[in-house]
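What follows is a single chain, given as structure tokens, in the form predicted on its own.
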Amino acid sequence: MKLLEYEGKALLAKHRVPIPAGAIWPQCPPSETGWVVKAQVLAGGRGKRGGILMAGGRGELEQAAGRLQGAKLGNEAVHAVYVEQKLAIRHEYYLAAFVNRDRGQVTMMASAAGGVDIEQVPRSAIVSVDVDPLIGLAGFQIQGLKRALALDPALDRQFEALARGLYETLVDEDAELAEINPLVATSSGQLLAADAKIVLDDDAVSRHPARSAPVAWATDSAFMRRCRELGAIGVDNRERVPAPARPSVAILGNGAGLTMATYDQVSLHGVGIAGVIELHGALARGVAHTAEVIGALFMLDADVYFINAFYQLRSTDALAEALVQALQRPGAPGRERVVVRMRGVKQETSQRIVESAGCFYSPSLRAATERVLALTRSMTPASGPVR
């Protein structure tokens, strides 16, 4: 879950990372040196696309903010305009912390070549340290980062506090990435986070009930909002499915690996994927809750719905019963358009339940996928699905 710059900076400031004075337009911070006017979008590269403007006076500020307010950068709408005090920058650095899943640790990266995409910086100009989660960011590791940046010794204490604050932001806020680019040293001897990129872990939302909803959520589809309400992992792919790719398939699976394997099995045959739900432990919350999750799948308005589940320990009949409940609700698709593959405990019972409901059932992934493809071949963009 990506945050806009000002949302990310608010989290950094919460953990004592210094940021420039700023406000959402039409508010603006006092400044004797002018302002930086920034379009708030989720994609990077704003400066290259005209999304960052300079203003020397109040008239220029109003003109720049008016130009960005409600505009688009490429295909992305500008969510807000953020106005910051213009800084007298002496040097730009790069500093980031991210969850390194390969190592099972947090990795911190630093470079004296800040202000540009980190991918453009030679690997030799980047230093990284892996932080033991049981120990936390150690003093010697901060010293290594400082040496990589060749900081003025007068900034040592500021940098140590800032580095610890960045690490705390990542850990305490359940973020996957906390990046400051650029981290600037000003002519007055301050270290400030001039830009921020924060990516939060969607699965940890329930751990932060007091956190305000990110702006990005406001643009989500009703399907995505419903998935969040139910604690399910959903992906709404409909905007990425071009019209010629119709008909489309919506997929529900248990486990990320099985869900993505199902996605691949279908999409490799040129069929559009309207969206995906990963059950994410829904069955542990009961049949009625699981029926709600399946109901969210039906919100994707696909041509075919493919349910693929493989449980080694949990009984599959609970999922079959949840499907029957979801199919009985208003707005459910025709049952001939629902394909089910289930393997696991009580799969014979599940088969009876699913087939009695009028849906196709097979314990074979190949057979179920072939059924999905056969249904999509029987549909054309001109004729549409048989309702």
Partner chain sequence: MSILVDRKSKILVQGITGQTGRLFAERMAAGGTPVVGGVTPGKGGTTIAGLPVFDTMREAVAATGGDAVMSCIAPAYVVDGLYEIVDAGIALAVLYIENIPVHDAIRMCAYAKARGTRILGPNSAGAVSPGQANMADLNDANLRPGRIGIVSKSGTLTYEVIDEIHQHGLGESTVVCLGGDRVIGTSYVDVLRLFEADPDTDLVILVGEPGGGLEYPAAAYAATMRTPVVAYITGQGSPPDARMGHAGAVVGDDERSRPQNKMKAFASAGLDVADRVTSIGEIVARRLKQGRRQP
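Numbering follows the first chain given and starts at 1. Quick caveat: nothing in here was measured; it's all calculated off a predicted structure. For the two forms, the rigid core is made up of the largest set of C-alpha atoms that agree within 1.5 Å on superposition.
Another form exists, predicted together with its partner chain; not displayed. Remarks below refer to it.
- Contact with its partner chain, judged by heavy atoms within 4.5 Å in the model of the complex, is confined among 179-187, 257-265, 85-93, 144-152 to 257-265.
- Proximity to its partner chain in the model of the complex holds for none of Trp35, Glu76 and Arg211, with the criterion being a heavy atom within 4.5 Å.
- Listed residues Asp130, Asp156, Glu229, Asp202 were compared with its partner chain in the model of the complex; Asp202 is the one with a heavy atom within 4.5 Å.
- Just one of Leu297, Val81, Val304, Leu170 comes within 4.5 Å of its partner chain in the model of the complex, counting any heavy atom, and that one is Leu170.
- Shown alone here, Ala194 lies farther than 4.5 Å from its partner chain in the model of the complex, counting heavy atoms only.
- Among residues of the shown chain, Val235 is one whose heavy atoms approach its partner chain to within 4.5 Å in the model of the complex.
- Shown alone here, His280 lies within 4.5 Å of its partner chain in the model of the complex, counting heavy atoms only.
- Contact between His269 and its partner chain in the model of the complex is found at the 4.5 Å heavy atom cutoff.
- Contacts between stretch 329-345 and its partner chain, counted in the model of the complex as any heavy atom lying within 4.5 Å, involve Arg341, Arg343, Val345, listed in sequence order.
- Once the rigid core is overlaid between the shown form and the other one, Pro363 counts among the residues whose Cα shifts by 2 Å or more.
- For Pro182, the Cα coordinates differ by under 2 angstroms between the shown form and the other one after the core has been superposed.
- With the core held fixed between the shown form and the other one, Phe98 has its Cα displaced by under 2 Å.
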